[in-house]
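Next up: just one chain, as structure tokens, the form predicted alone.
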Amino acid sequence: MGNTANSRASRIVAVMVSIVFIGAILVPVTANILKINPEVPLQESDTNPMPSFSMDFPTVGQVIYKLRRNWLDRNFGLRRVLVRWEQLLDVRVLKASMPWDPVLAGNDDWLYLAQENPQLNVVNDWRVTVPLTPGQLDIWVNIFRTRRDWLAEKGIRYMVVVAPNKVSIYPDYIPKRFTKARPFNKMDQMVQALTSAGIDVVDLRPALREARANGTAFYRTDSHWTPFGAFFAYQEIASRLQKYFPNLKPAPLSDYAVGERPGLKGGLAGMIAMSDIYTENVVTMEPLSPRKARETTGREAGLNEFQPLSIYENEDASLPRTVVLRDSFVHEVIPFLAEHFSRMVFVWPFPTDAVHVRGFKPQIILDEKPDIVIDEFVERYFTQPPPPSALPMEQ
């Protein structure tokens, strides 16, 4: 009698588990069919739509290509809801955020970019788990020296500018269990190696620490500096440019009204689908007198360029001209720096990755004939180990 009851109970449990399992599988499929897609503040790039099906070879090829590029993963029913639930469980309930996640949740609701891609981990770089080797430093020095010498032959000056990672300015909100392995980091190694080789390198870490001492240098829920932090970066860059252009005088902070307004959609908060939980104000820097520089027509993004080329011009033709090879950190610096140049051309190449070094765009430089080329990097792209294909002068 007892065995019969146990067997019946086991069958009931098995049936219930099967129903739950099948239901869990069918719910996303049903959501896709019924187009149930609740709004979730998850920041991610949109996937291109699947082409209309036909049996011709190009269409089949496109379908296979999109399937291989994670189309199914990105279009899984209720995906955004499930991502948010997973992040809420890991970050808010279990406090299990780790450096190998895309975003590391720090103390006091500070968020940090961590695992950007399989080769780049910003938090581990800060911890210096693997420093740059002498051979890797030699490759980077040779690349920057080649760029400088090529420009010098044409009478063009060269300056490398490095924007610090947020963790380099605000390390104190990193959970204490993630300690540093060494007292130095890759940025220290690179700056020392390039400076020893005579490369003009502007290390913006001291300027951003001064900004932090006087206000909000970086956003808590984003990886970027605020306009206030960017202003201190601008002042340091402009001060360093004075040795080439003595008439270039950095504007004082008193030329701007610093304020805040609600509504920042922090990129890091969006990456974990919680920009409605991790809220923050936008920092503003309003000029007290009209700006003189104006953005003119640029052009479409070229091969290996992340964004369209943009150009700023100033009516004072006596001011110098420059080409700036940039990434996203230059965006907030442009309004300040553009006041000092008759023409600034901003090119945004793809960053260095596991295969390619970031492009130097020699033809644009030859066409523009600038007085100086500014090669700007954020720290995490500046301190990457050189890829095997690194060449002295890449196109």
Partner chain sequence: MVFSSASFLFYFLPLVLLLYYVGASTLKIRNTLLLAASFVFYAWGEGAYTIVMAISILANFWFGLWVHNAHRTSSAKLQIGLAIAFNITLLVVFKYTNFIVDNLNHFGVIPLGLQPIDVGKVHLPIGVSFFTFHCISYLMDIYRRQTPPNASLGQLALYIALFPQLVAGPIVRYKDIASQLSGRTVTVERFAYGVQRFVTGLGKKVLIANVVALPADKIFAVPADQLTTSVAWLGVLYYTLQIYFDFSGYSDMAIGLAHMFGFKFLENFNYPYISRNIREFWRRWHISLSTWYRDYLYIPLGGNRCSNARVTFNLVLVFFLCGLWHGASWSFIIWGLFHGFFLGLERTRFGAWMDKAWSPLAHAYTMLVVMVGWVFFRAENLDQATAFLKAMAGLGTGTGMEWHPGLFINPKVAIVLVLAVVGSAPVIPWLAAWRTRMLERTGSFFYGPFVDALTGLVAMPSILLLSCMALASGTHNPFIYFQF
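Positions refer to the first chain, counted from 1. Note that the coordinates shown come from a computational prediction; the quantities given were computed from them, not determined experimentally. Just so we're on the same page, rigid core means the largest C-alpha set that superposes within 1.5 Å between forms.
Only in words, not in the display: the form predicted in complex with the partner chain, which the text now covers.
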Candidate site 193, 214 and 355: all three near the partner chain in the predicted complex by heavy atom within 4.5 Å: no
Just one stretch in 104-112, 217-225, 121-129, 148-156 has heavy atoms within 4.5 Å of the partner chain in the predicted complex, so which one is it? 121-129
In this chain shown alone, the residue from 317, 72, 288, 303 with a heavy atom within 4.5 Å of the partner chain in the predicted complex is 72
Exactly one of 170, 245, 178, 256 has a non-hydrogen atom within 4.5 Å of the partner chain in the predicted complex; which residue is it? 178
Contact between residue 369 and the partner chain in the predicted complex at 4.5 Å, heavy atoms? no
Residue 267 near the partner chain in the predicted complex, any heavy atom under 4.5 Å? no
At 4.5 Å between heavy atoms, is residue 185 in contact with the partner chain in the predicted complex? no
Consider residue 90 of the chain shown here, and say whether it contacts the partner chain in the predicted complex, taking contact as heavy atoms within 4.5 Å. yes
Taking the partner chain in the predicted complex, which residues along 96-119 bring a heavy atom to within 4.5 Å of it? 96, 98, 100, 115
Would the C-alpha of residue 63 be classed as shifted by 2 Å or more between the shown form and the other one after rigid-core alignment? yes
